[in-house]
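Read the single chain below, which is given as structure tokens and is the form predicted alone.
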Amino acid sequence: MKKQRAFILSGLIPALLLVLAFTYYPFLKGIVMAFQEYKLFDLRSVHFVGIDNFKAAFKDPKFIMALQNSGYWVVISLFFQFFLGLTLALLMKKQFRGRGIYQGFVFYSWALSGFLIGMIWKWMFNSQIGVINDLLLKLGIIEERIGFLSNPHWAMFSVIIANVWYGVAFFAIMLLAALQSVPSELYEAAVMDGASGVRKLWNVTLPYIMPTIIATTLLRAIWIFNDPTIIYGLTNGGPAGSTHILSSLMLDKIIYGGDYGAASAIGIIMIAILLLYTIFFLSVTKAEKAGEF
């Protein structure tokens, strides 16, 4: 028995060391750096500054804009990703010819990296050679080309469209799997009660898959909030910082300013926002009772 425990322990130790080295140490180091003046190009003057990095963040107009953009980015993206993903999942649940090929096309976007998605949409939104301007001109919707990514009024709208397209596949995959687990007996009982298609969706399907809906919307909101890759691929936060969200602004502080203290402070603020959001979301949705019939 002792030999078995020693064998299990010896197998776990490397994994524990890796988790400590690459997850918990950077996390704890980041918390410490958030309270330090820590610039890559001036490492000799690293010292504690209290909450100055947090004060500077909230006084920075770029941070305030990024905070507002993060709200638009998450709420609008999540709403349309879920709505379109649920619609596609309901359509793909039915048997039809070529269903497998159609599913492959729908799920394809989820296999690509966010940065690559950003580069593809950057070409599509291009004001000179982009296919979107060409289509709108030929359809007579616009009279002259629009600088979707160079105009601050259009840029945030454009990156959200790309993000919606990217995330629809995730909801379609997860919700389709949940829909296929709904027992047919529930639908048969609903039909015997004279329920219409809408009532079956509202009273049977959605309540049954509610645990999946809660889990996927919670996770997807966190991922959208944290993921700057599409924005970096499309606009790099421009023009004039108008498309920065908190995660892209944090990377901007590191890549272009080498300011790890300011970036860590933004990271801590992001963790606090996500923690509050998670507590609020789970309490409002009553996740522990979801799916009960």
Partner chain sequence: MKLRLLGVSKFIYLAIYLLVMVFPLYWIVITSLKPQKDIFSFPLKYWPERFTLDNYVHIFKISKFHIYIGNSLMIAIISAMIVLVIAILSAYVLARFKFRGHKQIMLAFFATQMLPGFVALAPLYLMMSSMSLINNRFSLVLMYTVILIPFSTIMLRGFFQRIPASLEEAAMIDGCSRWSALVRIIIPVMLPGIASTFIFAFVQNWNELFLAVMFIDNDALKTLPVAMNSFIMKFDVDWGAMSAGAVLSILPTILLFAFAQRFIVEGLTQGAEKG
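Bear in mind the structure is a predicted one, so any value in this text is a computation, not a measurement. Numbering follows the first chain given and starts at 1. Throughout, rigid core stands for the largest set of C-alpha atoms superposing within 1.5 Å between the two forms.
Another form exists, predicted together with the partner chain; not displayed. Remarks below refer to it.
This chain is displayed without the partner chain, yet in the predicted complex the stretch 132-140 from 132-140, 182-190, 69-77, 200-208 comes within 4.5 Å of it by heavy atoms. At the 4.5 Å threshold, heavy atoms of V49 stay clear of the partner chain in the predicted complex, well away from it. When contacts are judged by a 4.5 Å heavy atom cut-off, I222 counts as touching the partner chain in the predicted complex. At a distance threshold of 4.5 angstroms between non-hydrogen atoms, S247 is in contact with the partner chain in the predicted complex.
A residue is said to contact a partner when one of its heavy atoms sits within 4.5 Å of a partner heavy atom; Y232 meets this definition for the partner chain in the predicted complex.
Contacts between stretch 119-135 and the partner chain, counted in the predicted complex as any heavy atom lying within 4.5 Å, involve M119, I120, W121, K122, W123, M124, N126, Q128, I129, G130, V131, D134, L135, listed in sequence order. The Cα position of A15 differs by 2 Å or more between the shown form and the other one after fitting on the rigid core.
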